[in-house]
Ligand SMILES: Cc1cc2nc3c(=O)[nH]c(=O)nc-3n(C[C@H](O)[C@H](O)[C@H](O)COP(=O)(O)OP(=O)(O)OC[C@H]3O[C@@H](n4cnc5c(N)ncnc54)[C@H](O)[C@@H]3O)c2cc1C
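A lone chain, given as structure tokens: the form predicted alone.
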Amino acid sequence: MSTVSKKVVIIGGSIAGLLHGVVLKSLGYDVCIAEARHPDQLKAQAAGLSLGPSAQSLMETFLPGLDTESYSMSTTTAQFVAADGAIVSENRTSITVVCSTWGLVFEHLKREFLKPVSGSGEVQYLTGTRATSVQDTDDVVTVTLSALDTELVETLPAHLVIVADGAYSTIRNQLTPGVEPKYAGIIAWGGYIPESRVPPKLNAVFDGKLLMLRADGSYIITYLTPGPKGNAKGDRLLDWVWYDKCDIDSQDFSETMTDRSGRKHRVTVPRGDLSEVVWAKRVERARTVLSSPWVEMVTTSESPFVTAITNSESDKAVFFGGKLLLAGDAFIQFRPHLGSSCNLPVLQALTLLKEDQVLSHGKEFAMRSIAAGQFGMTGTYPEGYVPLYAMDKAGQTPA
């Protein structure tokens, strides 16, 4: 079927939306991306970003001039260490994973999406524009957009709509009421230090290893990522994420999610906005339960942030006879313990509307992410669970 003059509206301009935008543009579709946040809010996105084989393949195919090593670093091994620095266990990753940052991947995808290419569709990238509703009207879906600054409302007809506006998706709630992210009882604390300040006892990160330490019912991981300008030696960063339990009804939770200006956040307190009192408490906990190199890494970090870990699952991705697709976190939100959040939107972008395949993949990795989190916290997997690295050793493949 010809794609000439076919119109696509993508609701949500983060990674999932841009992945679809780049692919659909290359197929000749005219694509409009509508993102509710402004550019400065998008730049506040936190933390590193892992790319599995499918994501790497997509980037190589649709961004052919981009050198993978310029924006990412390979991670080949996960190493658990004891408080005294002794290696408890070490396993090669079951798949090739590269570590990058949200900001670098976002900028590369957005630049490719906006770049004029002969034979590709026309594109727009709108910010400060929220989709408020969708309606199935004959051969198209009518999308209602509202400009947040001017309150201007407009409607766009689209032959295909990709809903990629995140775990708290307005449109998903319209289509499948009752699917809401659930708090997992875990807060992720994160930060980074320049590679020049990596404590010597953590130098294994320079060999492509992700280091993990379990401490007092929590666990912390650290790995090397490119700096803001890329992967040049000397500019790289040591990223860390510390997963710790926190009761949603506790005073600690309320205080942690309230930033330095007194604003309470639902999911993430962005880099630089943490309350000084909250950070002082985290520093004290680090000094109490972590060993010295990890304490040094955490307490000297720049621009720390916190995120309340949530997950959600929908049982249906395709609506309106194949004219609308829920994508990424708007469809299934993984917990972050496997670093696999890019897997789902990449698969969706490459296999548009193959709901059975996408649903199976999403359900499996949602389960695996929860199991990985349990192992990180407790040292044990759920009964009967087989981790991917063990399947790889046994010559099996995941379902």
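Quick caveat, the model's predicted, so the values are computed rather than measured. Numbering starts at 1 and follows the sequence shown.
Unshown form predicted in complex with this ligand; subsequent notes refer to it.
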| query | finding |
| --- | --- |
| Candidate from 279, 102, 253, 319 lying within 4.5 Å of this ligand in the predicted complex - any heavy atom | 102 |
| Per-stretch contact check against this ligand in the predicted complex, the hit in 293 to 301, 203 to 211, 160 to 168, 308 to 316 (non-hydrogen atom, 4.5 angstroms) | 160 to 168 |
| 12, 129 and 329 all contacting this ligand in the predicted complex, non-hydrogen atom within 4.5 Å | yes |
| 4.5 Å heavy atom contact, residue 362 to this ligand in the predicted complex | no |
| 4.5 Å heavy atom contact, residue 48 to this ligand in the predicted complex | yes |
| Non-hydrogen atom contact residue 42 with this ligand in the predicted complex at 4.5 angstroms | yes |
| Distance check, residue 21 to this ligand in the predicted complex, heavy atom within 4.5 Å | no |
| Members of 233 to 272 lying within 4.5 angstroms of this ligand, judged by heavy atom, in the predicted complex | none |
